[in-house]
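One chain comes next, on its own, written out as structure tokens in the form predicted alone.
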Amino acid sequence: MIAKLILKRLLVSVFILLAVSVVVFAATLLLPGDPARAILGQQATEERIAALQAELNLDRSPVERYFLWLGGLFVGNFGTSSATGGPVTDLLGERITASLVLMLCAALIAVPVGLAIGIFSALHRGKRADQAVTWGTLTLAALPEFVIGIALVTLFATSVFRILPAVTMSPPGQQVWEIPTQLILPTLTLALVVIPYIIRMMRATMAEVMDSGFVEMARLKGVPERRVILRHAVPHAIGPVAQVVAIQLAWLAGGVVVVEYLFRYPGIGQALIDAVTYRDVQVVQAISIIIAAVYVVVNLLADIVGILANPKLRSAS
């Protein structure tokens, strides 16, 4: 049963990703401007423009162009950037790595901290600690990412402590993570945005599980409280929470655009803003499909974790 459910989720994810690719390609067709003319410049002759259009398959029908573009995605060919005149993969290679490092750092902080605080809050329901956590998460959840980022910059980079850089200032040829202090503020911004939702969901699910019959039965049998929590309560609470964690981690792929722009971080978010500014259609298509793929893959992994963490499905198989 578990294998069938995972296969079903996989097929649905593939269908969703294909549907998103159609939407992304159709949306970029509506953008103004001619990519060939943008690459060659306004002074280019009509003959050179026509030759480049043929080379980029721009003289074909939209349906043919879509399938050629889709086929290129499967082999890692994202097209030619109209801004640089070179392959999109060369433009996005280091930027994708930089964004993945940023999102990974934020996830490594947000997930364990959110789960731990959520469990702690559920085990202290009604007490001052629980109330403090509730008010803190509500406050953070009400703030957009750029407000949190500006507050962190004000606190740690400009007015109060001045111990961290306000923006990313990596020298040419140097990777951004080679100066770890540059990662702190954007990482904290992303982590503080997603942590409140993980905490609230973990608290609610954990509180419900702690009041369930099987937990009460384990206590009546004399099972130590620590084992009741770790062996019985937490595994049952992780499944539903995995969906919320996946949504928040998938949000990082989209929310990173605002955070990277705020901190001038050299990732795909900054590249997307530059591509939209200069009407670089191929780069917009590539980044959009990459973000969509992250959403789909993360949600697929969350579905698999939820299925594997469900004791009923494990026992049925």
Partner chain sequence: MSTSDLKPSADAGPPPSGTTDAEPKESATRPAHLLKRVWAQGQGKVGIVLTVFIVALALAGPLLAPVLTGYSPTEFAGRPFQPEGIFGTDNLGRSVASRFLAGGLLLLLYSVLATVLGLVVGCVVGMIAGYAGGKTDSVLMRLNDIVLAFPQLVLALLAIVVLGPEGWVLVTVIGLTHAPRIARVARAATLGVVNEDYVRAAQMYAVPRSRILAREIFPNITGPLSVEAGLRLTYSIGAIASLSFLGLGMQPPTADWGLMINENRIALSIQPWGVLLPVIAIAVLTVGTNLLADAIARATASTTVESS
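Residue numbers count along the first chain shown, from 1. Keep in mind that this is a model prediction, so the values were computed, not measured.
As for the form predicted together with the partner chain, it is not shown, yet the points below apply to it.
J.: Using 4.5 Å between non-hydrogen atoms, is Y197 touching the partner chain in the model of the complex?
T.: Judged by the heavy-atom cut-off of 4.5 Å, Y197 is in contact with the partner chain in the model of the complex.
J.: I'd like to know whether L52 contacts the partner chain in the model of the complex, with contact meaning heavy atoms within 4.5 angstroms.
T.: Residue-level check for L52: no, no contact with the partner chain.
J.: Hey, in the model of the complex, is T139 touching the partner chain, heavy atoms inside 4.5 Å?
T.: Residue-level check for T139: yes, a contact with the partner chain.
J.: Does F146 reach the partner chain in the model of the complex if we count a contact as any heavy atom within 4.5 Å?
T.: Close contact exists here: in the model of the complex, F146 approaches the partner chain to within 4.5 Å, heavy atoms only.
J.: Can you work out which of L123, I150, A129, A116 has a heavy atom no more than 4.5 Å from the partner chain in the model of the complex?
T.: Flagged contact: I150.
J.: Between T158, S212, T89, T97, only one gets a heavy atom within 4.5 angstroms of the partner chain in the model of the complex; which residue is that?
T.: Checking each option against the partner chain in the model of the complex, the one that comes within 4.5 Å is T158.
J.: For the spot marked by I6, L73 and A242, is every residue within 4.5 Å of the partner chain in the model of the complex through some heavy atom?
T.: Checking in the model of the complex: none of I6, L73 and A242 is within 4.5 Å of the partner chain.
J.: Counting any heavy atom within 4.5 Å as contact, can you tell me which stretch out of 197-205, 101-109, 226-234, 213-221 lines the partner chain in the model of the complex?
T.: In the other structure, the partner sits against 197-205.
J.: Within 251-275, which residues have a heavy atom closer than or equal to 4.5 Å from the partner chain in the model of the complex?
T.: Result: W251, G254, V257, V258, Y261, L262, R264, L272, I273.
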